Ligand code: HEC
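Only one chain comes next, encoded as structure tokens, the form predicted on its own.
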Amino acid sequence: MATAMSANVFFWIIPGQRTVMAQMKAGQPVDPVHGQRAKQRSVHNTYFTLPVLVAMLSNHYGWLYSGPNNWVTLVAIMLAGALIRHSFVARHQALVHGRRVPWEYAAVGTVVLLGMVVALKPAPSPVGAAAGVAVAGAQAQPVTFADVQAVMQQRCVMCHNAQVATKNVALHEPALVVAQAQNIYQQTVVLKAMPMNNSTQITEEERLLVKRWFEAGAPGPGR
């Protein structure tokens, strides 16, 4: 989307303006098609503004892209952003012509965003008797560093090692895992942003294991 916005400016809007100015300086009749194209592309960019900002920032928020229907999330947010942006465009036109400001577009866009909040809200944990017993049994067993290191080796080390330390984070040695305990907990348990797009298929049970390890003080090797 950002590439399309840039192309609209550099290949249509600016060249059209230069052509119009050259025609005016030469005393030639101005071809209105250049102004029409420039306005059209400017309108496109106007409605792209908010959606493209969200898309550019989305890599900081795992819930925007890590779900199975992430494309639906993107389309819904694009729609909401376009509706809200249209409300501001219509507001300026309404004020110029002395008409009522049509805030209903922004209201619909806000409702779409609230709907996405509800739809993306994590499902509650099962509270049945069998599930409760299983969770209680799992939590009764202490988590060792060896358990966590096994998860790191299988799910994380391929992108965080001595050769490929993505974002300057390496997890191939026990001391490094302990040193990065806060980041590991934040990215894999709280945000669920890592592994990126869950490319290594980490399970919820493994995330729970990391959570219990961190909450127990992130013990190191031998504990």
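Residue indices: 1-based, along the sequence shown. It should be emphasised that the depicted structure is a prediction, and the values quoted were computed from it without experimental measurement. Superpose the two forms; the largest set of C-alphas matching within 1.5 Å is the rigid core.
Just so it is clear, the following notes concern the form predicted in complex with the ligand, a form of the same protein that is not shown.
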- Name the stretch, out of 43 to 51, 23 to 31, 62 to 70, 181 to 189, where some heavy atom lies within 4.5 Å of the ligand in the model of the complex. 181 to 189
- Query: Does at least one non-hydrogen atom of T200 fall within 4.5 angstroms of the ligand in the model of the complex?
  - Reply: yes
- Query: For T166, is any heavy atom within 4.5 Å of the ligand in the model of the complex, or not?
  - Reply: yes
- Going by a heavy atom distance of 4.5 Å, is M152 a contact of the ligand in the model of the complex? yes
- Find out whether any non-hydrogen atom of G35 is located within 4.5 angstroms of the ligand in the model of the complex, and reply yes or no. no
- Message: For a quick test of understanding: in the model of the complex, does each of I77, G81 and A106 have a heavy atom within 4.5 Å of the ligand?
- Response: no
- Sequence-ordered residues of 142 to 160 touching the ligand in the model of the complex, heavy atom within 4.5 Å: M152, R155, C156, M158, C159, H160
- Item | V151 C-alpha moves between this form and the one not shown by 2 Å or more, core aligned | yes
- Does the C-alpha of V210 move 2 Å or more between this form and the one not shown once the rigid core is lined up? yes
- Task: Once the core is aligned, please say if the CA of L50 is shifted by at least 2 angstroms between this form and the one not shown.
- Result: no
